[in-house]
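First, one chain by itself: the form predicted on its own, in structure tokens.
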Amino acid sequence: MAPDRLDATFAALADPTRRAILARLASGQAGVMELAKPFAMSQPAVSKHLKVLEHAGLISRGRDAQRRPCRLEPLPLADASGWLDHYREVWERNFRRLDLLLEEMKAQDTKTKARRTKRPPTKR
């Protein structure tokens, strides 16, 4: 995924209103007025959010007479998910290595304690 496209996707997803719009569109296409209903904002404000989502490629708009229904576009979300998955895998590998190191340290500590308890006390 191109860095500019990824930046636009994450910038669009940073806003809770836009995430709510995407959640609504996940159940099917909707017009601007339908999308504006649950929000305490004007239709032009919702239209601005839709432009950001459209610029990021997260939605597309069709034309149905006077109505311009919006629909979810899955590719940018899939690309962002793939980008995140790469870093999830990196961190999982790091945590597995840390787990192994901690287990080795614990085993070494157990051996050291066992050796200390087996030694007879020294006379002074």
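When you see a residue number, it is the position in the sequence shown, counting from 1. Since we're looking at a predicted model, the values are computed, not measured.
There is another form of the same protein, the form predicted together with the DNA; it is not shown, and what comes next is about it.
Of the listed positions (81, 27, 94, 66), a single one reaches within 4.5 angstroms of the DNA by any non-hydrogen atom in the model of the complex, namely 66.
By the criterion of a heavy atom within 4.5 Å, residue 48 is counted among the residues contacting the DNA in the model of the complex. By the criterion of a heavy atom within 4.5 Å, residue 41 is counted among the residues contacting the DNA in the model of the complex.
In the model of the complex, none of the heavy atoms of residue 71 sits within 4.5 Å of a heavy atom of the DNA. Shown alone here, residue 90 lies farther than 4.5 Å from the DNA in the model of the complex, counting heavy atoms only. Contact annotation for 10-34: residues with any non-hydrogen atom within 4.5 angstroms of the DNA in the model of the complex are 15, 17, 18, 31, 32, 33, listed in sequence order.
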